[in-house]
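Take a look at this single chain in structure tokens; it is the form predicted on its own.
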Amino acid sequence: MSREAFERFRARVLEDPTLQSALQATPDLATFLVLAQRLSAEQGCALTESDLRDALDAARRTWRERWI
């Protein structure tokens, strides 16, 4: 995964309430991943499902490590 591409997409989502709402409205992980892939491509960041899963796993690890 291009960490830079993920961070660019993340920054765009944080700046855009419409993107935030669309992602928050997804009913499950599979739908979230499909939508995030499409939106990232539209934003010029083109993330794969694997990229997104890796980012989710890293975020979970970071969260768990804060509580250990």
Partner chain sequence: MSPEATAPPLDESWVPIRVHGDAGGLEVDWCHLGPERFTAPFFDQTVEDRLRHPFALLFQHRTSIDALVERQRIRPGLPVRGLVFHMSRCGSTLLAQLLAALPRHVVLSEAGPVDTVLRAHRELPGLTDAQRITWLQAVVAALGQRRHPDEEAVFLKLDAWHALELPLFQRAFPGVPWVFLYREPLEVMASHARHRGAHMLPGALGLAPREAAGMPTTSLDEYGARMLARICEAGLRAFQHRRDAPARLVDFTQLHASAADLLPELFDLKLTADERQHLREVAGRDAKNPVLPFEENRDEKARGLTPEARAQTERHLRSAYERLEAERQGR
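Positions refer to the first chain, counted from 1. Fair warning: this is a prediction, and the values are worked out from it, not measured in the lab.
Quick note: we don't show the form predicted together with the partner chain, though the next part is all about it.
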- Counting only non-hydrogen atoms and a 4.5 angstroms cut-off, does E7 reach the partner chain in the model of the complex? yes
- Message: V34 versus the partner chain, in the model of the complex: is there a non-hydrogen atom within 4.5 Å?
- Response: no
- Closest heavy atom of A41 to the partner chain in the model of the complex, within 4.5 Å or not? no
- Is A46 a contact residue for the partner chain in the model of the complex, using a 4.5 Å heavy atom cut-off? no
- Note on the structure: In sequence order, the residues of 8-42 that place a heavy atom within 4.5 Å of the partner chain in the model of the complex are F9, R10, V13, L14, Q20, L23, Q24, T26, P27, L29, F32
